[in-house]
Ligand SMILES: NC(=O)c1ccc[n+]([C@@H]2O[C@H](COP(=O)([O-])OP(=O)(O)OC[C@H]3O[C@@H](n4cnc5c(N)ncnc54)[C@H](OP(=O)(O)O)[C@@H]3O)[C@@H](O)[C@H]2O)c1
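Given as structure tokens, the chain that follows is alone and in the form predicted alone.
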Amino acid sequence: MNKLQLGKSELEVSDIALGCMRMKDLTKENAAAVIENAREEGIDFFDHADIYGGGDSEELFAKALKLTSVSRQNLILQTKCGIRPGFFDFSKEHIIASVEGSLRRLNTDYIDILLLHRPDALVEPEEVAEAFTELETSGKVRHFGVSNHNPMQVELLKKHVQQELIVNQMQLSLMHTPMIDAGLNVNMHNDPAVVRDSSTLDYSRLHDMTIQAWSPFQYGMIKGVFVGNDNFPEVNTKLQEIAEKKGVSDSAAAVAWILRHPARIQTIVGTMNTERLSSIAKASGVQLTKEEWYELYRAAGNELP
């Protein structure tokens, strides 16, 4: 499993991470098998959020970890906060309370990385800064970042927080590419030219902020999986062709497409199936050519200008 540096931190982590949103649906024993399988494949990064399963996914992860031989010190645990029923909340009070809850459920003394989950329109960055400093000083959180934020929202936070924001977790897949489309259709009168994210990808590269790609197999806003979906024959035909050439699964080829980008994007995969995870993990060792990358991009329905 290849490693990448997260932002400007000292963390060297697997370029494929396991998203634990669906872990709540497993038995403790099955969850333990998933954790052990991930480590056997070289995955050391586990992504959580306080809202995943209403906290049940974090709690089950901790219980399952006790059944394994895996040490907490050999894992990177990331969690997220800020989404509440019907609204978003980046208040100091909520951030700290959320971290306390995650620490308790994960049965750990510290969180490696805390992300602000979705932008809060009523954010007061001074409060965020106070919360981050208190959490860092107490040793409860070691690194910080955001999820689904555009560059100006990041800049607003950076004006006040003292810590580096090392990660921005964004939706990205072969069938969801707005952050790439706009950069290829500069000054064009077509829909792909619309800049929907304020050039997050270029901003992240300029400021050494790691993009984490969530939902790498989804199309639209979590409408469903495109891999193996008969509604997307062209992209699946091309995925199969490249997958056979590389000796990996179609899903691994889809992840390899993300990993090929020079921004060194970390991919969050959410499967709880150990065989599928093992097949996807092989994407880390696949190197697509430029031609193959663009072939897949075009097969996904994108026209080059």
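Note that the coordinates shown come from a computational prediction; the quantities given were computed from them, not determined experimentally. All residue numbers refer to positions in the sequence shown, first residue = 1.
Beyond what is shown, the protein has a form predicted in complex with this ligand; the following relates to that form.
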Contact residue in the predicted bound form, from 98, 218, 200, 177 (heavy atom within 4.5 Å of this ligand) = 218
Option touching this ligand, based on a heavy atom within 4.5 Å in the predicted bound form, out of 259, 268, 248, 35 = 268
inquiry  = Taking this ligand in the predicted bound form, would 47, 147 and 227 all count as contacting it (heavy atom within 4.5 Å)?
reply    = yes
task = State yes or no: in the predicted bound form, is some non-hydrogen atom of residue 79 no more than 4.5 angstroms from a non-hydrogen atom of this ligand?
result = no
ask   = Might residue 276 be said to contact this ligand in the predicted bound form, defining contact as any heavy atom within 4.5 Å?
value = yes
message = If we define contact as a non-hydrogen atom of the residue within 4.5 angstroms of the partner, is residue 214 a contact of this ligand in the predicted bound form?
response = yes
request  = Tell me, yes or no, whether residue 272 is in contact with this ligand in the predicted bound form, where a contact means a heavy atom of each within 4.5 Å.
outcome  = yes
request  = Choose one stretch from 147 to 155, 191 to 199, 132 to 140, 177 to 185: the one whose residues place a heavy atom within 4.5 angstroms of this ligand in the predicted bound form.
outcome  = 147 to 155
query = For the stretch 161 to 175, which residues lie within 4.5 Å of this ligand in the predicted bound form by non-hydrogen atom distance?
reply = 169
